[in-house]
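In structure tokens, one chain follows: the form predicted alone.
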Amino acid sequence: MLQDFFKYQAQTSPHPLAMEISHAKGSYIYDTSGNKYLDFVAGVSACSLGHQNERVNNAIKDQLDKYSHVMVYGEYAQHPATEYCKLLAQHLPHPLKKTYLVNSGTEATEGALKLARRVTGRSQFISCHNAYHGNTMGSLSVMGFEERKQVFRPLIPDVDFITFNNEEDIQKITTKTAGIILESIQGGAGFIQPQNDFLKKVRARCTEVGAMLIIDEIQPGFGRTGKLFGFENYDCIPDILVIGKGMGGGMPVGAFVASEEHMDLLYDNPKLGHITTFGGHPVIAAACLATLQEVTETNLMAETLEKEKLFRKLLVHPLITEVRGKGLMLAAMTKSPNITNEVILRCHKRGLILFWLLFEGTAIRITPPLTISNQEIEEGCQLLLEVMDEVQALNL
């Protein structure tokens, strides 16, 4: 399988981890050699309820027995998608009440950018340095990392960048701005939280000049920060909400949410202002509904904050300079990218899955399933600290 993986499947980096997967269950992934790996990454924050969650699996199987894809998005009323959007609206603040379901986070970003232009009639977008909102052309245009996008230019014009948490930069939002897109917690940049009411101040400026505030919750969303969405921690309500990853319990999905008034602009003048074939797929929507029900009907969100405290208590080592993030969206920062690489690779060989962040080379990603147990956290952190002792002895 590994030989065919490299021969026939397009790669994203020169050196993938290339683990041959057999199966996964709960907080563990198993390879074809029978090795067991404790998963501290959860498919890069996507498997919010762990692997093979019973409630999600049963919802998928039940829907498969009824019907799968029947029509392009928006033409037929289908129970899983309708119920999901209704339940989501019940858990969101006014005016975020209408949801457009798509297939991935980057598609959700594309839809949000289009909607901001449609609402305002303006062209300019503002994003942040070291921001990541997806990898399609529109999303790439608002990525704040030139090294990753230079070879794909020209991209969407009229995009400017500010520095996250820099209050002076907020004045760059003007009456020419269609929208500013921000992560509620910067992911690829190193799990950086907003400081000094930064999001609230951006919200006020957008209201002042009539610009749309787009908040990207693709990573922080669905309970990972102890709230259903990260923006709830910072007293700020966006005009457009972008979601994905953990929303589907491991299934591929994304969505953008706005007011009914704004979202309805996409179906006329022009008609079909935004379309997708498989968005709202009934099997995926059933998984989303089960995931949202599980997150909101249990104590998972409150437990997430207690598990964060446990991680912070355990992750004390001379090689760890700080632990960033909130809830179970954490990054252990080391003294150098070389240390980070060595720790991640050695942990993988020892049966603990960690990962990198996109732009911050000193960060070790720790984003386990919300369902991870305290015992599993303790076992994983113990192994991580043992590996750090080994790496410290190398004097990297």
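Just so it is clear, the model here is predicted, and its values are computed rather than measured. Numbers follow the displayed sequence, beginning with 1.
FYI, the form predicted together with a small molecule isn't displayed, but the following is about it.
- At the 4.5 Å threshold, heavy atoms of C288 stay clear of the small molecule in the model of the complex, well away from it.
- Although the partner is absent here, N130 lies well away from the small molecule in the model of the complex, with no heavy atom inside 4.5 Å.
- Proximity of P282 to the small molecule in the model of the complex: non-hydrogen atoms within 4.5 Å are absent; the residue sits far from the partner.
- The small molecule in the model of the complex comes within 4.5 Å of a heavy atom belonging to S104.
- Only one of G144, G134, G226, G190 lies close to the small molecule in the model of the complex, with a heavy atom inside 4.5 Å, and it is G134.
- The partner is absent here, but in the model of the complex a heavy atom of I218, alone among A211, I218, I214, A258, sits within 4.5 Å of the small molecule.
- Note that among 200-208, 104-112, 157-165, 89-97, the stretch whose heavy atoms approach the small molecule to within 4.5 Å in the model of the complex is 104-112.
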